[in-house]
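Quick setup: one chain, the form predicted on its own, written in structure tokens, and binding and motion questions come after.
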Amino acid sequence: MNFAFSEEQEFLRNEVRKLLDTRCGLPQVRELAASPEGYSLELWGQIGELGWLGLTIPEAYGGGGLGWEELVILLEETGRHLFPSPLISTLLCAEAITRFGNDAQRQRWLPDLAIGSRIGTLAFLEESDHWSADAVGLCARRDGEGLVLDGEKRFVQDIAAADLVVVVFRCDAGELRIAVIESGSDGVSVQSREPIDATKRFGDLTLSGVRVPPDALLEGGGSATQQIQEILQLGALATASEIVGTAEGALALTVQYAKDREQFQQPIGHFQGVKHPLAETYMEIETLKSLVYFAAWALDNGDDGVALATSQAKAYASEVITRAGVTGIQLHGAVGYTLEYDIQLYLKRSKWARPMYGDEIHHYERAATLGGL
């Protein structure tokens, strides 16, 4: 079995890297992180035109109709460049509609998400920070043929920029439901929070008497619990994919510093205390790649082990990015903590990436359960 990337997939990687090298180097990342929006509206429109946002959306709804193997390549490169954008949030919103929406809902929302004229996100967390269906407490009340939501969702990624929000809630006797709410609806308000990593924005979503009509409910593809698990699983794989690139970016930056910085008339990279941690980081990243690539392959090919593979990948990714960030700071010395040096940007990204869609503890426990322990 050949797990190597195809010529077309390598072409995609090269084109994504070329654009981000040109349009979103670390100086531009710093500028965007300091801007009110947190991302470039012009660049967002460009990547929409290039098909990045609709990569896995079916062609019938304006997308590329490709799989997660291609999406992993894209996310690796956006992670490597610390690309500031609501990319993962929009991808997850589109995946939820693609997988669980009916044809009318797909026709209504997917074409705009595919070209970036609308931005989407997922609203899941509440007071509990646990990524499981049991943590959902938001309840809807019935009003005629529709539902009404009163409550709050916390730590919603890219909520200030989002036009469409996939909201998870309960109704009736605690039954889980999923709906798409437009951010401009009556009763919807947003409060942004100060992020550790300014390239990854988030905030709180308050719902006050927000009406959810029947045509906003995503009801296909099994029970709502299964749907939620699938969405969170996709979020974990997307985050793990970005982590691969982020860890590689941190390693490359630190290796270059070890070549340039001299002590005792020679580069510090000559010393065992420097080169051994760098070698260990490289080996960990290569191991992580195998886990992420297999999870993407399993997802695209309907393999029964996709849930286990995804949890294994995200668990190890959470460990790898934490160590890569800390190692980069340590090998830069005290200056690594200063705003002048770019390595601190990767450390901040690690603080975002580790807990998103479950940290290593969450996913090792999930993997043990899925493995029958």
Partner chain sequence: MDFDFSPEEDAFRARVQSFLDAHLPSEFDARDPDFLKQWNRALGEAGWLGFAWPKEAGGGGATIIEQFILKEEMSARRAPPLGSDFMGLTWVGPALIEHGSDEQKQQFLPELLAGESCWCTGYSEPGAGSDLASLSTRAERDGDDYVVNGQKIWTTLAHVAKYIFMLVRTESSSRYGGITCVLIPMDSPGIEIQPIPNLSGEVSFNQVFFKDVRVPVASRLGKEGEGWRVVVGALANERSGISEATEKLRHIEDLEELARKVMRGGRPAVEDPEVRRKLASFRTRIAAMRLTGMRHLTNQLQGRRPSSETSINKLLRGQLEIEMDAFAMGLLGTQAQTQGRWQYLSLSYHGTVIGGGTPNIQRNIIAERILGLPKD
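Numbering follows the first chain given and starts at 1. Being a predicted model, the structure only gives us computed values, none of them experimental.
The same protein also exists as the form predicted in complex with the partner chain; that form is not shown, yet it is the one meant from here on.
**Student:** Taking Q312, Y316 and K351 as the candidate spot, are all three within 4.5 angstroms of the partner chain in the predicted bound form by heavy atoms?
**Tutor:** Each of the three qualifies.
**Student:** Select from the listed residues C171, V188, V148, L251 the one whose heavy atoms reach within 4.5 Å of the partner chain in the predicted bound form.
**Tutor:** Looking at the other structure, the residue within range turns out to be L251.
**Student:** Of these, 256 to 264, 207 to 215, 225 to 233, 115 to 123, which stretch puts a heavy atom within 4.5 angstroms of the partner chain in the predicted bound form?
**Tutor:** Correct option: 256 to 264.
**Student:** Verify the contact flag for E286: yes if a non-hydrogen atom of it lies within 4.5 Å of a non-hydrogen atom of the partner chain in the predicted bound form, no if not.
**Tutor:** Taking the distances in the predicted bound form, the answer for E286 is yes, it comes within 4.5 Å of the partner chain.
**Student:** G54 near the partner chain in the predicted bound form, any heavy atom under 4.5 Å?
**Tutor:** Because no heavy atom of G54 falls inside 4.5 Å of the partner chain in the predicted bound form, the answer is no.
**Student:** Within a 4.5 Å heavy atom cut-off, is A279 in contact with the partner chain in the predicted bound form?
**Tutor:** Answer yes; at least one heavy atom of A279 falls within 4.5 Å of the partner chain in the predicted bound form.
**Student:** Report yes if any heavy atom of G184 sits within 4.5 Å of a heavy atom of the partner chain in the predicted bound form; otherwise report no.
**Tutor:** Outside the cut-off, so no.
**Student:** Just to make sure I understand: among 286 to 312, which residues lie within 4.5 Å of the partner chain in the predicted bound form, judging by heavy atoms?
**Tutor:** In sequence order, E286, T287, K289, S290, L291, Y293, F294, W297, Q312 come within 4.5 Å of the partner.
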